[in-house]
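Next up: just one chain, as structure tokens, the form predicted alone.
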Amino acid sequence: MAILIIASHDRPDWWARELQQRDPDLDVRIWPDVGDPADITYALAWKPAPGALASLSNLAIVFSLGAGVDHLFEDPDFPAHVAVVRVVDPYLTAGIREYVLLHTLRYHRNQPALDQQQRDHVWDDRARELRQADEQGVGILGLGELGQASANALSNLKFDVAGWSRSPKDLPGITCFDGRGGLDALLGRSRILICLLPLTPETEGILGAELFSRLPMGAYLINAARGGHMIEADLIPALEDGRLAHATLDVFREEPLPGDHPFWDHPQITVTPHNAAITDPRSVVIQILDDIGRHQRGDALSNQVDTRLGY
């Protein structure tokens, strides 16, 4: 049994060190130094090259080193028989929660307009539109681990929070919608819309002109999920015609965001470099080693992904 770390841009040495500190007897290898591919039973992966996982004939489990697993299923040769486990990292969840709180509060307190006043050397202390938190409709697309944590944190600040998910959810203090009709209801009440959906064929391109048209005029958008959720060509027109007032984006279809991309300099777009939350090996390796033990005992895995649904 050997463990392969195949995540060239995600600190593979740190992952290897944390694994071996907890179990010095582990055979840990870092791509591309695989050795005999038949030795590999487990892989820790983030955006592996197409075909890399298929080359491991005895691979049993892939652990996705991030909240999403869509990067794995982009590989046309992904081995369908291999179990996929998503990590649930309390530090990653906390990071997303903090990011959502930060940018929701920026919008609630009209900070983008105040920043523009500073750039224009304008002193205007009149509130453009004063709302209390319980009058501010906040909608969250996606009520998984990250969505629920963010919804609860916003609810604790007395925001009027609603969430939408594919399957029905029942969360205390949160108005929950599901299905197509539920999406329309959520959008109509969301002055601040937050996307925390998994990226699947059903959610690809969900953030586009058609969805924006169902939001209140002058709504705000936060996308901390995946760049593939956004139809990027639809965003600036929605900002310029007033449908959206501002957008905060942590994820993009192409990363790093190209230097000539129009999002960089648009005054109504806040760009962050996909750093809303970062998976911390110190906590995640505990889950990974627990699941390896479960697999070896024949027990059910934690947080196993339904590969048919993609989450």
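Throughout, we count residues from 1 along the sequence that is shown. For clarity, every value in this text was computed on a predicted model and none was experimentally measured.
The next section is about a form of this same protein that is not shown, the form predicted together with a small molecule.
Undergrad: Going by heavy atoms within 4.5 Å, which of 235-243, 85-93, 103-111, 211-219 lines up against the small molecule in the predicted complex?
TA: Result for this chain: 85-93.
Undergrad: Which residue among Leu187, Leu72, Leu207, Leu197 has a heavy atom within 4.5 angstroms of the small molecule in the predicted complex?
TA: The residue in contact is Leu197.
Undergrad: Which residue among Gly182, Gly144, Gly137, Gly228 has a heavy atom within 4.5 angstroms of the small molecule in the predicted complex?
TA: Contact residue from the list: Gly144.
Undergrad: So, in the predicted complex, is Val285 in contact with the small molecule at a 4.5 angstroms heavy atom limit?
TA: Contact check for Val285: no, nothing within 4.5 Å of the small molecule in the predicted complex.
Undergrad: Within a 4.5 Å heavy atom cut-off, is Val251 in contact with the small molecule in the predicted complex?
TA: Yes - in the predicted complex, heavy atoms of Val251 and the small molecule come within 4.5 Å of each other.
Undergrad: Within a 4.5 Å heavy atom cut-off, is Leu193 in contact with the small molecule in the predicted complex?
TA: Judged by the heavy-atom cut-off of 4.5 Å, Leu193 is well away from the small molecule in the predicted complex.
Undergrad: Is Arg97 near the small molecule? Define near as a heavy atom within 4.5 Å, in the predicted complex.
TA: Close contact is absent here: in the predicted complex, Arg97 is far from the small molecule, nothing within 4.5 Å, heavy atoms only.
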